[in-house]
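Starting off, we have a lone chain in the form predicted alone, written out as structure tokens.
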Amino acid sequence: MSAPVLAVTDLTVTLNRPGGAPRLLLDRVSLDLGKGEVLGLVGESGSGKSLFCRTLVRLLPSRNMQIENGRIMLGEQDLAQASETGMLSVRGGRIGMIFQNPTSHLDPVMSIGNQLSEGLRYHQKLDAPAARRQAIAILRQVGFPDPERQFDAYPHEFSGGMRQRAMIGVALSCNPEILIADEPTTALDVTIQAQILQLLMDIRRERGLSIILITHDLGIVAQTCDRIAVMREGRLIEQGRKRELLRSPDHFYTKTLIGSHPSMPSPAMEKKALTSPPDFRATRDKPLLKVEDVDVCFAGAGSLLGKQSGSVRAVAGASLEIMAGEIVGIVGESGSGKSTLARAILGLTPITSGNVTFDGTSLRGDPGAFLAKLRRETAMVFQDPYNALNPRMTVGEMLAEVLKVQGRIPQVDIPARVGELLDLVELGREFAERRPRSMSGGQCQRAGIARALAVNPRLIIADESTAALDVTIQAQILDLFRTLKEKMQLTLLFIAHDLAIVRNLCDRVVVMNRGQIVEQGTSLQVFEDPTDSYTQALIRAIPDIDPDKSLLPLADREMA
């Protein structure tokens, strides 16, 4: 057997705490990565997956963290002992990294194309015209529909999914030997997710690229990886070839991960399949939320002469009804208008035409009363937990602020209520003293859900609220939503690109494509007998835990 391209032995990382004993973050982790191999790294939020991979390239998130012991052998070079100057040629040039949160890692004042060109010019020594041509080709590869124009666009002009694609392009532009992909498809819908993963697999075959893929989606691991490594609480608890590990895992935690994957039939889904779906419209006189022929248009980009290139119709004639106590899922590709429709419903984005009615109060009839009612009785869980939380406030302070503004709970009872909210989202009460920068993406998202629950809302709009969570926490959050629905008659508008979760959670499904609603119906109707070709393509691309299922169906691959 040939020598591994990367060999990690007994890697130990500690956090030095002033006045206290060092805290062990990574405990003697040992892993090998072969040339051309794809290694899947899975585990709960906070298990040490991302920290392990950041340690490989010596990008520890705090100066108080240090490598206490161990070796990181990249060929003949021990990265654990390398100088900072020596690491400059390793980062990007030999080891590329795709981070979980593209917004925090793309330069907001530099165009997407120039960020790709920068790596091409530094590592591949291309001149400016050649770097631009190569960058445009990479943008086209990772799914940008108009790369020549979008080369000059900035990160804030794109959706979360498009920013993630740009981040992937930046990492690939340097032609690394090893690619560390930290949740690279978290923000992407299933069809683009499959295309991006297929792209990574194609590049791996063509160039012998080795990949460490961090993900909470076992379906992705099953269909892309050669080996799987499972981490928990900073330790490597199990690793093996994917078929053997998925078929007969040894550790109870690995068994829990596999059993929690949404592609596996859940008890709720099996019960739903055996009974007729509830007819909310037959049991209630009027919907809690009614959207009527809503259009949302944005002005086109301006020129130096002040002229605009036209308007962009982000939502086109959308109409839907949601009954009290109903869970409705909205699915579609990045840029399909899902989040824009949600923001329009909440009055955060002006509508161009149409109307929205919430519990009998109309946006067109009485905008002031409509917005006041929405702010009292609705909440939103945003897609990006890092940017949605105040970095200067602790989680407890953020929750207490909401409770104080609402004025429904006496001041003396607020600390107890903060603890209850943290319990609801499975965060320990000690997180009340934590700030977002010290938390993982999944932990930040759970704090965002707790903040939404703090207002005791009648309607929650959850925009990709489980995208950053591992499968076990996803299952807990979905169970929480079901419990809240039963106990509080909570109504949930659930926006997601993960159709497996929507299938297991939602009563009805709305499918959007290019701003239009192309199909809607009960979950069973849409998933068992989809009528629109776009819906059919989405369903075919759902990741499955079966390692023998094709990542991307042949017909979809040809279209991509």
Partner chain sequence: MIGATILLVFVLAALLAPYISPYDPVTQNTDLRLQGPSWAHLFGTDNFGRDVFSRVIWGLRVDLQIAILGVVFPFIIGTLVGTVAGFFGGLVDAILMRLIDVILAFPFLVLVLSIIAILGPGLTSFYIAMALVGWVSYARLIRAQVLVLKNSDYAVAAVSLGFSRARIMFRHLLPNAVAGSVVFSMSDAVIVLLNGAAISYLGLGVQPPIAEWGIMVAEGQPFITTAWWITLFPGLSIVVLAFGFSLFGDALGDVLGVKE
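Positions refer to the first chain, counted from 1. Values in this document were obtained by computation on a predicted structure and should not be read as measured data.
The form predicted together with its partner chain exists for this protein as well; it is not shown, and the discussion that follows is about that form.
If you check its partner chain in the predicted complex, you find a heavy atom from every one of Arg343, Leu348 and Thr378 within 4.5 Å. Within this chain, Gly368 is remote from the site of its partner chain in the predicted complex, having no heavy atom within 4.5 Å. In the predicted complex, its partner chain sits within 4.5 Å of a heavy atom belonging to Val402. In the predicted complex, its partner chain lies within 4.5 Å of some heavy atom of Leu389.
Residue contact with its partner chain in the predicted complex: Gln406 places a heavy atom within 4.5 Å of it. Residues placing heavy atoms within 4.5 Å of its partner chain in the predicted complex fall in a single listed stretch, namely 381 to 389, out of 207 to 215, 381 to 389, 114 to 122, 327 to 335.
Met393 is the sole member of Ala299, Ala128, Met393, Met488 with a non-hydrogen atom lying within 4.5 angstroms of its partner chain in the predicted complex. For the candidate set Ile136, Leu480, Val455, Ala316, a heavy atom within 4.5 Å of its partner chain in the predicted complex is found for exactly one residue, namely Val455. Annotation for 216 to 230: no interface residues with its partner chain in the predicted complex [heavy atom within 4.5 Å].
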